[in-house]
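Only one chain is given next, in structure tokens, and it is the form predicted on its own.
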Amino acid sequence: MSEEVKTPKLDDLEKGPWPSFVSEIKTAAKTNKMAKDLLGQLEQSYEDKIGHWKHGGIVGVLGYGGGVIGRYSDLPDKFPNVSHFHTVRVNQPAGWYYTSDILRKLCDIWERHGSGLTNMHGSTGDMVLLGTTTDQLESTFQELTAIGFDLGGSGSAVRTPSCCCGQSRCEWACYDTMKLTYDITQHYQDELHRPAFPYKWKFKMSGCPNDCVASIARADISIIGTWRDDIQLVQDEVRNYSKAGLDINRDVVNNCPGKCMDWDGNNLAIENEYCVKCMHCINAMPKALSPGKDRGAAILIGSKAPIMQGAQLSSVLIPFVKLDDEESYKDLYEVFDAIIDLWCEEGKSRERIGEFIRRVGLANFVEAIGLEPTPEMVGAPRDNPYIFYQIEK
């Protein structure tokens, strides 16, 4: 390799207590020409105060319409080794479980065919391989499939489904997130690899209302574990927390959004019909409280990041569903397919499903997909008193 690239502006990003991506790129640049030119172009971008990437067309692998994000430099003469710098999205294992052996194999593949730089993981969930050339895409894909990996989703398609670790490590998980994620990934293979939607569609699975994958803020369909019977309560353990110094009234009862708890100094009372399943009390006293035994999931719809019309959180579509086996999954797929069919028929370009629902109205949407309306679907109280309805006889 030639002499080291001078990067005074990037050097500032290495200062301070936190690890720096610049340090990682510099390490890769010692043996990789793409990483070296990446440093140079990034320094140039900071100097010019503009990005120097452009999107020059669609690239991909044979038979797929997604999984690769084409990226090109607009300074190819100055930085020839990043004239092409395509990103490859790799479908991650459910729960992000890897063996050290498979990680070495993945890194070896990427050092042979790309920059050697990775993002573990992207916001959708994929393992992201940063930077390769068009002629290396097919060979990269072939080697990935040989060790059991597929490409993830990109474009106006089902994006790579992701989940928390669920029942594999978490005692609060109310259903098997990893099993459902695998099943959804297999069921929607065509929709994952061949973009045909108005815009992106994300599934995210969280095992309990703690929502460790932030599905309620980032997924078109959020499948969040919950329960419909009483919180399991061990009074002796509540008393132990109190004896150990926890102020139960201040730190637990007064923080309950449903105001459904009361502590008299000896016993904790819970009016479970007012519980909103926020998990705060369970997180505060995990030895004393735990989710009920009748477990399943709530299906929420419509969250998105602020691109077109601002941020949206998911709202409830199905308050509770059991997710015990593949047969119960089929009922979900019927609902999802009805939503997708309607959205593909009536949705506008670059309109997420949450924006579509907001445009056509929840009542019209629910009727069109064949669901019975329930009170849980109401996202917020109405603010217009001049709305009247007539009870059907």
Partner chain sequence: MSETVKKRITDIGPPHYEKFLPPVIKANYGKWKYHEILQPGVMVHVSETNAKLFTVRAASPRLLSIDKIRKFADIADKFSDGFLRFTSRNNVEFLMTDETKIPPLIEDLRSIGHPVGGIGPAISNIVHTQGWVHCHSAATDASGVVKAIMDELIDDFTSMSLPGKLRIAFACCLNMCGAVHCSDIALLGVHRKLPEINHDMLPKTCEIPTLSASCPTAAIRPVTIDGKQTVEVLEEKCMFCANCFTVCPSMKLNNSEFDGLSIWVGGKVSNARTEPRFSKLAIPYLPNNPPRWPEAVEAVKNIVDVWKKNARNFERMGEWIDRIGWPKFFKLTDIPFQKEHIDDFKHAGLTYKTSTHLTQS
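Rigid core: the largest C-alpha set superposing within 1.5 Å between the two forms. Owing to the predicted nature of the structure, the values given are computational and were not obtained by experimental measurement. Numbering follows the first chain given and starts at 1.
The same protein has a further form, the form predicted in complex with its partner chain, not shown here; the description that follows concerns it.
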| query | finding |
| --- | --- |
| 4.5 angstroms heavy atom contact with its partner chain in the model of the complex for G51 | yes |
| 4.5 Å heavy atom contact, F356 and its partner chain in the model of the complex | no |
| Contact label in the model of the complex: P381 to its partner chain, heavy atom within 4.5 Å | no |
| Its partner chain contact at E376 in the model of the complex, heavy atom, 4.5 Å | no |
| Of Q136, N91, S242, S315, the one that lies within 4.5 Å of its partner chain in the model of the complex (heavy atoms) | N91 |
| Within 108-142, the residues that have a heavy atom no more than 4.5 Å from its partner chain in the model of the complex | D108, W110, E111, G116, L117, T118, N119, M120, H121, G122, S123, V128, L130, G131, E138, F141, Q142 |
| C-alpha of E24 off by 2 Å or more between the shown form and the other one on rigid core | no |
| Core-aligned CA displacement of G379 at least 2 Å between the shown form and the other one | yes |
